[in-house]
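Shown here is one chain on its own, the form predicted on its own, set out as structure tokens.
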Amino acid sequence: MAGLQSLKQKARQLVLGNIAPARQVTLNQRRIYILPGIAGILWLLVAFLLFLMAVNYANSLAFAMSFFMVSLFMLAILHTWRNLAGLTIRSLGGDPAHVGQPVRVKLEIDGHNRERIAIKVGWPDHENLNVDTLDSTQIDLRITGQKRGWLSPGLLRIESLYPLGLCKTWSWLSLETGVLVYPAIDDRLPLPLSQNANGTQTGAIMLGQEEFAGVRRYQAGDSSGHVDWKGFARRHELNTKIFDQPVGLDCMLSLNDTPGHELEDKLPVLTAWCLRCERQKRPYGLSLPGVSISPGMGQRHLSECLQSLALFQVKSFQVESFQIQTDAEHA
């Protein structure tokens, strides 16, 4: 099935040419295609039969009816094409996910103050939505990430049959999704052994800035930035927030020390190790050929490691206009 989808995608690109991906696309007459649908073909066939009958029997009413049907068909061509003409589709990115997980890509459809009815938007073999818009409408399309790197599901299809269903108009767009797909997670292997400076494998937790650990009574000299003001408003007790920071037992995760023969077998293991260290509050770093990330913790550090794993040796276009939204930024 995947091979057939790839073949279809290559066939479309062969017919349409190499369309450069862009963050936003405005549909003009060079991008919009239109042909009669099945209903339109039947409509024209009936009009033609009426015309033949009118000629044979010199029937004025049949002439009028056949001309009316052809005129209506011509109007349908114009209005169906106009339903897509001038439409702007803009990619707003989405949250990162791992290979095999669903990804939501946010799109904005701008009708430029003209009503657009029953526009079908989606990537073939993925979720498609029907959209009505006047000014600007945002939608989320769900896609399954098939491989790591910047999500590139192929050409986006936009089509419409509005208003009469006699003609079908469509366009193919190559959009930068701006969504990063991390490697899959292979959590079957244990973490590699690590040694700290004195050769032991025991870690410790000290007060720091990383993880929220609770509250204690306020003491003179505590930073006002750590005072639990919300709790003071509720309970009238002045407390100070305390944070933990793990020390020792740093774990340096290296591609060279990861079991497996193929790169795509090793990266899921490294991904799982990063996630496990994060859950266990254990400082970890990452070493890849050409990439070295010092030990650390936190959502920003995790996102940096996962992004390096996702883009390692990936030959893909760069999406510099998008800012990756980490979980820490959402918090």
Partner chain sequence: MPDTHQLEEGISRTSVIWLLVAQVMVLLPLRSVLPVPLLAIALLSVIWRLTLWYGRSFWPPLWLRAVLIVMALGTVVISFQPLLTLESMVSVLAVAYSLKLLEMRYRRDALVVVYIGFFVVTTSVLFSQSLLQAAWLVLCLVVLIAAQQGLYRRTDFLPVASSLRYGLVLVLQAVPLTVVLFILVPRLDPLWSVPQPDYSATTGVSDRMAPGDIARLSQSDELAFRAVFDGSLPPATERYWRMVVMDQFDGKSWYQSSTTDLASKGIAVTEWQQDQRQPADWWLQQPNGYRYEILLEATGFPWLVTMGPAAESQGRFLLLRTMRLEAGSRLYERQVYSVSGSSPVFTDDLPDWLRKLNLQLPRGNPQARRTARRWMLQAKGQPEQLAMRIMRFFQEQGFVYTLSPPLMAGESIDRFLFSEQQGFCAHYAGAFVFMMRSAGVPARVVSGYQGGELKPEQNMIQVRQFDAHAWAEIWVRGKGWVRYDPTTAIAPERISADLQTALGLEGGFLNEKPLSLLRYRQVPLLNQFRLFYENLEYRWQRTVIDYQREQQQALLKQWLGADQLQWRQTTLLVVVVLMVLGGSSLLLLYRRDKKDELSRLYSRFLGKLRRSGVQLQDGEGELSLARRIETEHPELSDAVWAFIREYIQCRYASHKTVEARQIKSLKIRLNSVR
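By rigid core we mean the largest C-alpha set that fits within 1.5 Å across both forms. Worth saying up front: this structure is predicted, and the values here are computed from it rather than measured. Numbering follows the first chain given and starts at 1.
Although not depicted, the form predicted together with its partner chain is the subject of the following passage.
Report the stretch among 231-239, 256-264, 132-140, 179-187 that approaches its partner chain in the predicted bound form to within 4.5 Å, counting heavy atoms only. Heavy atoms within 4.5 Å of its partner chain in the predicted bound form occur in 132-140.
Among H112, K147, R157, R216, which has at least one heavy atom within 4.5 Å of its partner chain in the predicted bound form? Only one listed residue qualifies here, and that residue is H112.
Full three-residue contact with its partner chain in the predicted bound form, heavy atom 4.5 Å, for L61, M69 and G165: Checked in the predicted bound form: all three residues contact its partner chain.
So in the predicted bound form, does any heavy atom of V291 sit within 4.5 Å of its partner chain? V291: no, not in contact with its partner chain in the predicted bound form.
Given that the partner is absent here, does L173 sit within 4.5 Å of its partner chain in the predicted bound form, heavy atoms only? L173 lies outside the contact set for its partner chain.
Is there any non-hydrogen atom of E127 lying within 4.5 Å of its partner chain in the predicted bound form? Judged by the heavy-atom cut-off of 4.5 Å, E127 is in contact with its partner chain in the predicted bound form.
Wondering, does V269 line up within 4.5 Å of its partner chain in the predicted bound form on heavy atoms? No - in the predicted bound form, heavy atoms of V269 and its partner chain never come within 4.5 Å of each other.
Scan 43-63 and note down the residues that get a heavy atom within 4.5 Å of its partner chain in the predicted bound form; none is a fine answer too. If the 4.5 Å heavy-atom criterion is applied to its partner chain in the predicted bound form, 43-63 yields W43, V46, L49, L50, F51, L52, M53, V55, N56, Y57, A58, N59, S60, L61, A62, F63.
So, superposing on the core, is the move of L27 at the CA at least 2 angstroms between this form and the one not shown? No, the C-alpha position differs by under 2 Å between this form and the one not shown.
Displaced residue check between this form and the one not shown: L302, CA, 2 Å or over, core reference: It does not, since the L302 C-alpha is displaced less than 2 Å between this form and the one not shown after the core fit.
Once you overlay the rigid core, does the Cα of A62 travel 2 Å or further between this form and the one not shown? The answer is yes; the displacement is at least 2 Å.
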